[in-house]
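Next up is one chain by itself, shown in structure tokens, the form predicted on its own.
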């Protein structure tokens, strides 16, 4: 397998973290950011979106981070990550989709509007709206985590990966509020995982004030 990715990309970090959890071997191809390559014809033939990550496994070139996660879970994972029965799988899928459409959307608006925006161009009022949105979504997540150790049960699953991959940055911003108690406990457990430390808990200072992808 080959993974075309940028280590400071949150979508890339989702896949890198999960590959680490699975213990799979792959070739990492630095792509995007300072490494460039997104507009090369060879890359666009694999991923017409000119974005990262892209996973190549044999003849298959797969893009969209959540699609990659599901593929890896189905092909190489255990049923703890992505259950086999439709009802059980629906719990994982709904939290993956919730993360992308709700928390991820609010947090990335905040991350770009606050961290990646030059100080003189920030809109603090608009950013506070996103801070409040993030907090409301984490309260929803807190209610679920009050019932078990991870998002959909007592084991790490794909439901934890999308939102969990953003929590290190959430915790590191100077404008985000303290986490709700069960979210804080869950996040602390993530920070103890080797793969999370290796692929998510990375400095992101280079992105401060940098609007370029």
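Treat the numbers as computed from the prediction; the structure is a model and nothing was measured. Positions refer to the first chain, counted from 1.
The discussion below concerns the form predicted in complex with a small molecule, not included here.
- Residue contact with the small molecule in the predicted complex: residue 153 places no heavy atom within 4.5 Å of it.
- Interface membership of residue 127, defined by any non-hydrogen atom within 4.5 Å of the small molecule in the predicted complex, is ruled out.
- Remark: residue 100 counts among the residues lining the small molecule in the predicted complex, judged by a heavy atom distance of 4.5 Å or less.
- Taking non-hydrogen atoms only, residue 53 approaches the small molecule to within 4.5 angstroms in the predicted complex.
- Judged by heavy atoms within 4.5 Å of the small molecule in the predicted complex, the contact stretch among the candidates 170 to 178, 183 to 191, 45 to 53, 157 to 165 is 45 to 53.
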